[in-house]
Structure formats: structure tokens, C-alpha cells
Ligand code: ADP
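As a starting point, one isolated chain is supplied in C-alpha cells, in the form predicted on its own.
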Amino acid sequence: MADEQEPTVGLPKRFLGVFQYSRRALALVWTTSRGLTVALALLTLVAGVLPAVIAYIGQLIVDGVVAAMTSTEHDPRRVLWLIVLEAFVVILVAASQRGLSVSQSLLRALLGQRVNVMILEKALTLQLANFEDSEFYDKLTQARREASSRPLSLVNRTFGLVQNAISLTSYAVLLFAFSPWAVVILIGAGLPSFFAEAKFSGDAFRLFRWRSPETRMQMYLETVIAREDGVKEVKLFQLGPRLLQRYRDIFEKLFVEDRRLTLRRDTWGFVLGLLSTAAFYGAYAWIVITTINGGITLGAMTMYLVLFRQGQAAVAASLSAISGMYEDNLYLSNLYDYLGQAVTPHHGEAKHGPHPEQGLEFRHVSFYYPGASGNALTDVSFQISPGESLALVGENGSGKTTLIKLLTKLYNPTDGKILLDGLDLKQWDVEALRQRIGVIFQDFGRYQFSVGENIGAGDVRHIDDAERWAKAAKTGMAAPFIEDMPEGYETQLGRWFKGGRELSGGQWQKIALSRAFMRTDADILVLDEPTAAMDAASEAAIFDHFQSESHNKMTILISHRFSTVRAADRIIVIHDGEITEQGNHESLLAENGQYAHLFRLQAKGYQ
């Protein structure tokens, strides 16, 4: 937490520099709703001017009452009309405040949605590598937790500052008639509190950024303890008390910092606030003595006291608004840092390759994950032709799934090339490439949607096409149990929403397989251990059916079951990111290498 110890010498420079986001926030609010922004501005102007008008009318009323009491020639009806006028102005103030509240509420809803959509739109443009980076997750968490409310807060404070500035200007004009020094005292008394508040706002922001990983851990622990996909093991392994204690420990750690900052902030706020109180009562005594000496009227004294009290409140509110704007800008830096995250450009535009007969080729491909100490893949080369099936075999972490991530351009190779139809993937349009591929990962999505949408997600172009759902479900062998459901393809899956139905692991995998078959124009089918929850007989039936439905397509299968792998035209064995063996089932057994060893080891378990 080194940032918290920064010297305050550079505070003014940092304070002014951080306001760079104010213009962007104002532009964001303006483009969200111009009508509401204009209404907010006009109502702010009205609410800023009228308090001084009320104070001035109050002086006229008091002086009118004194005149009526000391002179029989003074018409008391004038005082009554002034009271009616003041009541009307008070009603206008109440109406403008209510209008401000309505405008702010509506803008808050619109702007919160707008910013959240911006955050999600940005997420859609980022690479998988971003989401596998803990620092990026910190940035995303910071943006989502605060930034959706901060733009409106900044605008509200800006308009509040304008309102108070207008009020303060009108107060200053009236006070200047009493003494210019009264204006100086009015403004100067609030400055110490302002600089202290700005300092502590910066400290609060740096504390917020420093502890983002702990905050994410708290959110994760809430998810593990309170969601159905984690609660089974939490109960079975009796993890609940331990996880809850970790949750409490994190809170205690964060609370110590919060308490320290809160005590410092409020202590200094109280001490410096005494200066404002002393200034007010000093001015109070000055005005009273001047009145006693006959320097001003009783009505003027009343007005000046009201002006000084309200002016002091306006100064405090203005300085607080500026300090708050500084804090809002700090938090908005999280949003714009996130929105400014570099996006890897996709330069390819090709939708077809020159040599479809060449199929898919990995040519001396190497790859390492950002921050990793070694390669995930090293000098991998192989080719698969249309109509051919390929199986990838290797222990967990050997690089099999990484190959699929490179094929689908979720990552780009560090070295080497991947070619499809004789054309480097770098030259392919990403969307056109991915439409060519039907892939199901071992950690496939279990969407809390209807059955039809779960299947239709495999091809977003036809996600609502019920006929395609049925065809894909038949190919993926999910149709029998779907048709047994009362609502069929409209059945809600999962337990998050009312009426939802949970499936078995094998049924979910058939839904995922059906999803892969939604892309009828896909000529590369990839199954990354999608049948791990099925028994051997069901898996064999799935892949026999799969092969019969995938003629003229390139199929890539990743599985640990050799009864399934042996049916592939070619088998590649990967160890520590390198290809160590390749051939068909018989030739690899004859080599008596790693494949043969693993096959016999697995076969022994069935004897």
C-alpha cells in the first residue's frame, strides 16, 4: 500500500490533472439524454438564484414591519404582499428542487445502463488473454463497482457547484454592500476543510485500488458459498465455516484501513470545521454591533445574517462538490482505463482460401502464455485433410486444448503458422473463420436459458430457428430426452429462474454436442473431451453417430478413452507441448511407445 504514503506536496498538481475526465463524463451524460441534461441545467440555475431573492424579500418584510410599527403612514398591506411573494418564491424553490430530483433519478437509470453496456461492449472486443489476466480482472472489477454511478455523480456535483456558485455570487453582491471583508471571510473560512477533504478523497481512492484483489476474493467466496455449482462440495467437505471465516478475515483487514481513514478524515474535518464556525460567529457579532451602532437597519441585519449563514453553507457545499468531483474523476479513471484497454487488431479479411483441398495445417507452431516460464507448445506440425479424423492424446496440461485455442484464434501463435485452405489464419476474417468451426470445449457453457436457446447458441445467426434446434438435437442425440420434457425445447434449464430444470452431466453434454451441430456449414468439428460425464458405452455410441454425421468434414477429437480414440484416422500424442508420436492405432501400438503404454494401462483397468 505504498501509494497511500505519497507526499502531499504534489497534491494541487494531481488535483488539477485528475479533472481530465470531467469533460468526458459531461459529454457522456449529454449524449445519454440531452433533454434531461438541459432540464438539469435550467433547474440548477433557478435553484441557485432564488435563495438570494428570498433573503432580499425577507429584509423588505422585516424593514416593512419596523416601519409599520413606528409610522402610521406606512401601509401594512405592502408587507402582506411581500409575504405572499416570498411564499411564491419558496414554492418555486421547492418545485425546482423536486424537478432536480426527478431529472437526476431518470438520468441515473439511463446513465447506469449506458455505462454498463459500454463495459460489456468493451468486454466483447477483448481477447481471451485479457480474461485470464488477474490484473485485468482487478481493472474490470474496479470499473464495474464504481464507474456506473460516478459519471452522474460528477454531473450532479458539477451542476450543484454551478448552483452554489450562482447563489454565492448573489450573496456576495449583497454582502459587498456591507463590507468587502465579509466576502473574504465567507470564502476563506472554508478553504482549509476543502484541501483536507481533497487529500482524504485521494487516499480513499488509492485504498480502493490497492485492495481490489481482496474485494474480488470476497465476491468469489460469496459465489462459492451461495451458488448451486459450489454448494454441494462446500457441504460435503464441510468447507462452509472455513470459507466464511476467510470472508470475515478479509473484511476485518479491509475494515482496519477503512476505520483508520474514516477517523483521520472526520477528525480533521471537525477541527477545520471549527474555523468556519468561528468565522460565522465573528461575522455575526460584527453585524450585530454595526446594527446597534445604527450602521444598518434591523431588516438589513437579518438579511446579512441569513446571507452569511447560507453563504457559508454554499461555500462549504461548493468546496465539497469540487472535492467530490476530484474523487469522482479518480474513480472514472478506472472506467476509462478499462475502456482504453488495448485491443489486438484483426487485420484479416479473407473469407475463403485458395486451396480447400489442403485442409488445416499447423506448421512449426510454438506458443507460450503471457507470464509463463516456458512454452505451452513447441514446434508443432501436422496436417488434416477434408474428410479425415484426428485424435489428440496426452496427459492433462500437455497442450491439447491450447491447440484448439490457437485454431479458433482465441490466441495467436508465438512462432510458426496455422493455415486453413492454404491461407494463414492471420489473413482470415475472424467471424468467417469461426463460422467454419464447430467446437465444444470440456468446460462448455451451461446457459440458464431455454433448451432451444442452449442449442441455438451454437450458431447465433439461427439461434431462434426451431427447425434447426430439432435437427441439431437429433444429430447430437439429445432429442429423445428433450421430447420427453413437458415443454420440450421451451423448457427452462438450470435452477436460477422459476420453473428451471436441471439436467444430468451426460444430458448437458448432449446439449453441448447438439450445439456444435447447429453450424451446418462448419467443416471443422472439434470435440474437446465433451463426453467425460458419460459412460463408455454412451460415449462410443455418440462418436459412432458423430463420425457418421461428419463425412467430408475435418474432425478433431480430444479424449482420454482409447476405445474412442482408436477409431480416428490418425492419432497424435502430445507430451509437454511437443508431438512425440503420430500414426493410426495399429502403428502406434507397434511402436510400443507412450501411446501403447497408456493404451495397455487403460485396458488393464477393464480386465
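All residue numbers are counted from 1 along the displayed sequence. As the structure is a prediction and not an experimental result, all values here were calculated from the model.
The same protein also has a form predicted together with the ligand, omitted here; what follows describes it.
In terms of contact with the ligand in the predicted bound form, the residue from 344, 520, 396, 101 that brings a heavy atom within 4.5 Å is 396.
405 is the sole member of 150, 468, 436, 405 with a non-hydrogen atom within 4.5 Å of the ligand in the predicted bound form. With the partner left out here, the ligand still marks one of 252-260, 369-377, 271-279, 502-510 in the predicted bound form; by a 4.5 Å heavy atom cut-off that stretch is 369-377. Using a 4.5 angstroms threshold between heavy atoms, residue 411 counts as touching the ligand in the predicted bound form. Under a 4.5 angstroms non-hydrogen atom cutoff, the ligand in the predicted bound form has residue 400 among its neighbouring residues. In the predicted bound form, the ligand lies farther than 4.5 Å from every heavy atom of residue 214. For the chain shown alone, residue 132 is a contact residue for the ligand in the predicted bound form, at least one non-hydrogen atom being within 4.5 angstroms.
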